[in-house]
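Next up: a single chain in structure tokens, the form predicted on its own.
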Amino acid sequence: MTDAPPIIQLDHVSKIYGGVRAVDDVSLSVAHGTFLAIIGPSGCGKSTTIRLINRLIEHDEGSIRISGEEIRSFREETLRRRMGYVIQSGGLFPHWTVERNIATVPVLLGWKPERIRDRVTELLALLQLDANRFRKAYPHRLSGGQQQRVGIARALAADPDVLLMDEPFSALDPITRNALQASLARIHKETGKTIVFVTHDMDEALRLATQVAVMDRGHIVQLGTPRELLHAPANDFVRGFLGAEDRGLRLLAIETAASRMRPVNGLAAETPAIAAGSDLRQALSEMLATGQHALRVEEAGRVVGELYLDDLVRL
């Protein structure tokens, strides 16, 4: 029995505008369940690449396949119903309620009203929005973060194979952005969805992605896990984009306290504590703020380990 094909496969794909190769000979394979972040400076081709995948624009060279089938073998609307799509502004219809916005694709697919209602309720819960409060609300009554949550719910409504996200959080304030990043990471863990996420923020990419593709001038210059990029950047461009002076802190940010803690060994009860799922950059910040060389690590209200400054330095 052969392995299933990648859910997304790009082979030598190019897009040319007026003689300029916005995307230049890109080959990329995305396995089921991957969270791929495509990152690079403005104009590098990352947003163009994601729009080629769902045929918002057509590629000029190469081939793009979804689950082994060439995307041009699908009708455009059929292809796009297999792919949820979230953009920076949310793109909600202002004259429709939250429920009607989320139901956009299920209505087109002819779902029964009770099935649509149940799906809307399920997705509002998944995005941590109270259904009684938000179901009948209109977009202008929502905050920017709430609108983006509804946009994600709409993209997930018909249970698509792939979720495409084009800089969805870049216009939000840091607190809202951090909360939505945490929600998206949870959704990926709970649903196992394949996600392709365009961003210009390296910290966001490293926090969320299982694979990161770094683009420059239409090319993918490195593809790897966050750890691989941080430990072995392919060239000076990647090294500079990672921020040479911040690499140590970014290494801390992809490890959790639970991954580096020691067994409980009697730290004093007044020693500050940190959640097991917190990253090591948060742990270092807490140590510096409190003047401590160690922290207790807690999970579900009980101490499960201890974390020491020496462990962070050795990492």
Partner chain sequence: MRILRGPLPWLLLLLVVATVGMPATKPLFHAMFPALDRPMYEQDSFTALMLAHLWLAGVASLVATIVGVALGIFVTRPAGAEFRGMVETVAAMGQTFPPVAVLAIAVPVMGFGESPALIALALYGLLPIVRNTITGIETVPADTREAALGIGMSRFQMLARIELPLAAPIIVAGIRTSVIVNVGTAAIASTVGAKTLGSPIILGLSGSNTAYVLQGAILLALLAILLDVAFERLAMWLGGWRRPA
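Numbering follows the first chain given and starts at 1. The shown structure was predicted, so the numbers you read here are calculated from the model rather than taken from an experiment.
Below, we refer to the form predicted together with its partner chain, which is not included among the displayed structures.
Residue 141 is the only one of 186, 133, 141, 217 with a heavy atom lying within 4.5 Å of its partner chain in the model of the complex. The contact with its partner chain in the model of the complex, taken as any heavy atom within 4.5 Å, belongs to 54 out of 256, 48, 34, 54. Looking at residue 105, you'd find a heavy atom of it within 4.5 angstroms of its partner chain in the model of the complex. Among heavy atoms of residue 94, some come within 4.5 Å of its partner chain in the model of the complex. The closest non-hydrogen atom of residue 161 lies beyond 4.5 Å of its partner chain in the model of the complex. Proximity of residue 177 to its partner chain in the model of the complex falls outside the 4.5 Å heavy atom cutoff. The putative spot formed by 80, 87 and 100 is fully lined by its partner chain in the model of the complex; each residue has a non-hydrogen atom within 4.5 angstroms of it. Heavy atoms within 4.5 Å of its partner chain in the model of the complex are found in one stretch of 218 to 226, 133 to 141, 232 to 240, 120 to 128, which is 133 to 141.
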